[in-house]
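Only one chain is shown below, in structure tokens, and it's the form predicted on its own.
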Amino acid sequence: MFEKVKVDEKEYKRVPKDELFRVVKEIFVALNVPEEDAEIVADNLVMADLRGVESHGVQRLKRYVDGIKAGGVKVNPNIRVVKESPVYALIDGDEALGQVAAYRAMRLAIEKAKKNGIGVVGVRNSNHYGIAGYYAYKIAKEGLVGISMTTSRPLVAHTGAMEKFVGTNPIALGAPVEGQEEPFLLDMATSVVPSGKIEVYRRKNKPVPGEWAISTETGEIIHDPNEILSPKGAILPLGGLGELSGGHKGYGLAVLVDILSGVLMGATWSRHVGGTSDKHSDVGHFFMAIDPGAFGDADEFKRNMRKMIDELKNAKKHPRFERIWVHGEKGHLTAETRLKAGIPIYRKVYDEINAIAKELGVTPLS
């Protein structure tokens, strides 16, 4: 059995993928989300847990439910294309569930890339869109190179700052590889960790390890997840505090995402992104799909991807490491395990999901 993170079976309850998908979907349907849209959101959340990205999985369900109840998220939005050419488009999400607006944009980017070699589609007026890798993965499964980015609420103190100012702003890239069904998949926050990982530690009532965050009052490293997620704490950019270990580079990547997903699309960025359930976020997304055949031979691209991955994995190995991994590999193997053994759901999250289900008249997880 392979899983990215060691699972304490006493703290978790394993749930079959289809059962988890059913309950999440039915919860959204009970909130008057159209069935097709509910399936998109459920697929996104369950994929995160299936691949071991607990921070972006069903533990976030309550956040979406609260947003709908409070009116910060529309269940029947008028998602529309406001500007378009053969290779680009801009979509207004009309305060939709982020996954729903993002999925439409992703499909449009794929369509344009298949017709014209490349498709760039942006979204404004949207909400949190879940796991960034979901969209890059879907694009790559179509034989294309996919890129996905999104702005997010301010939780990170950029280099030199001592306040929550920029988002954890993820970047994801997927690419098809010869001889394997699963694509190469890079999915990373531009902060040391995503906020969802801090939330995992808070739910478990455990201090966070390492130098992930600082106090906004003293600037010192802190480990209490409650303090980090309060106004008294801020997550650090990828690379950590200062420039010695490259924190300014993570800061730069976060700003890159803000420019492409926020400023360029007419959406909000950094400190302007809304963060409460009753306030619309105006999150911006950026998608790019590229047909490898537009720049050469598509099959040769896949062969060279295979060659590059093999070379990376067969490099001289550091004595502290058992093997060299490439991006997406651990997630693929974790998904294989969890499809057979069930998806481990933290018991507090399991109880929270069932409480929501019962409140809405949905048959809970067994």
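Here, rigid core means the biggest group of C-alpha atoms that superpose within 1.5 Å across both forms. Quick caveat: nothing in here was measured; it's all calculated off a predicted structure. Residue indices: 1-based, along the sequence shown.
If you look for the form predicted in complex with another copy of the chain, you will not find it shown, but the lines that follow are about it.
Three-residue candidate spot L186, V263 and K316; every residue lies within 4.5 angstroms of another copy of the chain in the predicted bound form by at least one non-hydrogen atom. Of the residues G274, G71, P207, G252, just one reaches another copy of the chain in the predicted bound form with a heavy atom at 4.5 Å or closer; this is G252. Note on contacts: among H280, K138, H248, R153, the single residue with a heavy atom within 4.5 Å of another copy of the chain in the predicted bound form is H248. Interface residue remark: P194 is counted as part of the site for another copy of the chain in the predicted bound form, having a heavy atom within 4.5 Å. Proximity of R202 to another copy of the chain in the predicted bound form: non-hydrogen atoms within 4.5 Å are absent; the residue sits far from the partner. When another copy of the chain is considered in the predicted bound form, K340 lies well away from it, no heavy atom lying within 4.5 Å. Of the heavy atoms in A132, none are within 4.5 Å of another copy of the chain in the predicted bound form. Comment: 323-331 is the region of 42-50, 59-67, 29-37, 323-331 lying near another copy of the chain in the predicted bound form, near meaning a non-hydrogen atom within 4.5 Å. Annotation for 91-128: interface residues with another copy of the chain in the predicted bound form are N116, G117, I118, V120, G122 [heavy atom within 4.5 Å].
When two forms of a protein are overlaid on their rigid core, residues whose CA moves 2 Å or more are considered shifted, and P207 is one of them between this form and the one not shown.
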